[in-house]
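As a starting point, one isolated chain is supplied in structure tokens, in the form predicted alone.
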Amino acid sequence: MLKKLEETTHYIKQKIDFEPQVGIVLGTGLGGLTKEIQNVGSLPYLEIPNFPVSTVKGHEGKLIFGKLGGKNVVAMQGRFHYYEGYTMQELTFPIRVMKLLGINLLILSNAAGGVNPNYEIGDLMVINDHINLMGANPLIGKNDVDLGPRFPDMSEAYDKKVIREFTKIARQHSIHFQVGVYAAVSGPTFETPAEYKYIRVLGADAVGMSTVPEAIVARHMGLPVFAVSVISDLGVEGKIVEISHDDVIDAASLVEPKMTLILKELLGKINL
């Protein structure tokens, strides 16, 4: 893997003369944030050696480099999922590449189903912990000590300082938000009512099909992580309705301006 990482990183550096400080992964329906980035260049995934290719609607499939909130950023407009048939190592490969490109913070976003009865569609949920229900882990297999330790600590998977700054900015703008636990499942089916109930009993507030493998790999490499979910549907008894992927995209895109506003200010205030 290290050889592939070096090859990919070398290719990107040859194409884009730019050192990012922050990596951003844009979830379903949240790709519009890239309009706020002062673009200095972009690369389609198809052109990048060893990169997977996004196959899901709402995920454009390119790396965007530029400035946001005064910081140098690299944004993934489109992520990869376990349900697309990629291995855990393949879908998290871009996170390792961004770390080798120089990022000091990883920001993850996603659209998720709320299982907390106090949540509503359109809520922003800051992730303060997660539960891995995907049945796999990106660190399974031989460990390369040049990338990280065999048994990485996950007691603080999501950076508390960045969480505090995000919540402060949200309050200043009177933007409603939640703080909770994200459960990751493999997908691609949405959950049954019994599964929603099971996930809630386990201690989660929202459920989705991404983010956790990326967070694990980032922490393996010593990279701080901040993550936020847009609650795009509800898995709460009495509020469960039939949903589609298009519904998720539509719900996420409506909330995107709020998230963009906060993230832009957040990057302007944090020290890296």
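Not measured: the values here are computed from a predicted model. Numbering starts at 1 and follows the sequence shown.
We do not show the form predicted together with hypoxanthine (HPA), though everything after this point is about it.
For the options Met259, Val22, Val25, Val248, the one in contact with hypoxanthine (HPA) in the model of the complex, meaning a heavy atom within 4.5 Å, is Val248. Note on the partner interface in the model of the complex: the residue among Glu84, Asp159, Glu165, Glu191 having a heavy atom within 4.5 angstroms of hypoxanthine (HPA) is Glu191.
Heavy atoms of Ile107 never reach within 4.5 Å of hypoxanthine (HPA) in the model of the complex, leaving it off the interface. At the 4.5 Å threshold, heavy atoms of Val207 reach hypoxanthine (HPA) in the model of the complex. Taking the partner from the other structure, hypoxanthine (HPA) in the model of the complex has no heavy atom within 4.5 Å of any heavy atom of Met76. Using a 4.5 angstroms limit between non-hydrogen atoms, Gly180 is distant from hypoxanthine (HPA) in the model of the complex. The stretch that touches hypoxanthine (HPA) in the model of the complex, counting heavy atoms within 4.5 Å, is 229 to 237, out of 31 to 39, 216 to 224, 229 to 237, 65 to 73. In the model of the complex, hypoxanthine (HPA) lies within 4.5 angstroms of at least one heavy atom of each of the following residues of 111 to 136: Ala111, Ala112, Gly113, in sequence order.
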